[in-house]
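Heads up, the chain below is alone and in the form predicted on its own; it's given as structure tokens.
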Amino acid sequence: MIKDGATETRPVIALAMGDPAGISPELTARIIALPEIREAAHLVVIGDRRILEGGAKEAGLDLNLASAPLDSFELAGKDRHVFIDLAHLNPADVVRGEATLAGGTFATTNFRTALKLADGGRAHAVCFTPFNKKAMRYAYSGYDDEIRFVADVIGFTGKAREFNVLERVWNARVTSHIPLAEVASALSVEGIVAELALTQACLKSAGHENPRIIVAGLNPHAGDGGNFGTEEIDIIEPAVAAAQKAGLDVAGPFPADTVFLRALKEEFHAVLTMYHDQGQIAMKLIGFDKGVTMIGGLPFPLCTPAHGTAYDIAGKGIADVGASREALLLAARMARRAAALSAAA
């Protein structure tokens, strides 16, 4: 941790610049300039200074950012953020609003560098501004999603899961990037209980001491007593009962079309949904400009804004930094808590 004055402690967050053809350069510049981020964390920003300067120009900012070499950035800029300039993308090679090999190579290189810093203990958390998955696959053919990439880079073999986070409620899910036709067969009592346990652990790591989780059904009206499917009776209800027996504060299953309303009204901390869009649609309607994607279960926090690269507004200087700000602040909170727990052990 970074000692800031006599009493304050700030975690080090490795911030990887995302796709250069979208709003990532602008968002990176805006994040660096935020005073609340400076108070919460020490950023080690990874990318190409020429691309960052372009983003700063779009945002109307003049950044005061020290440069530091990758192998010894700890020795520089302790009183401010630092930039690791990999000098690996000529701005002339950026095609604004288009997914390209050059853009994907830029983003994957930055992300890989940030992950290795955290895996090596030189950063306490990783964040990144939005990627474009098409561009990432141009550069890394095995790029299915961030979880797969992290596993490949750091050799992670544990269980990790993507969470969508808003200030008022989180969304966890049992299945993720699989066809809808395969969801029902992918559900199991053991799998749901495992997701509930991971959700509880991640909520606690973010500062929720006594997390409450509400569970969505799979079928319309949560199966309507078996009239519209029996997954609730055969799988989801037994999983909820098993989690309750294990000491988790869990309720459900409830119909998916009202479960988020219930969660907000009754102050549940998270909704566990059965598949990707069952929760994504609700979360993005509730707070698209503030949503954060967090990958839980990794050895370190990993957070990013939930929105995409916004090719349609790239270069216009109007990108909303709200979700990126929340991603950095969440990562900082989780890193501080992990450090406190480690110190107390």
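Residue numbers here begin at 1 and follow the sequence given. Because the structure is a prediction, the values reported are computed rather than measured.
We do not show the form predicted together with a small molecule, though everything after this point is about it.
Undergrad: Looking in the predicted complex, is the small molecule within 4.5 angstroms of a heavy atom from every one of H177, H276 and T304?
TA: Yes.
Undergrad: Counting only non-hydrogen atoms, choose the one of 125-133, 187-195, 232-240, 90-98 that falls within 4.5 Å of the small molecule in the predicted complex.
TA: It is the stretch 125-133.
Undergrad: Would you kindly say which of H269, H81, R112, R173 lies with a heavy atom within 4.5 Å of the small molecule in the predicted complex?
TA: For this set of options, the contacting one is R173.
Undergrad: With the partner left out of view, is D119 within 4.5 angstroms of the small molecule in the predicted complex by any non-hydrogen atom?
TA: No, D119 is distant from the partner.
Undergrad: Just to confirm, D85 within 4.5 Å of the small molecule in the predicted complex by heavy atoms?
TA: D85: no, not in contact with the small molecule in the predicted complex.
Undergrad: In the predicted complex, does T199 come within 4.5 Å of the small molecule, counting heavy atoms only?
TA: Outside the cut-off, so no.
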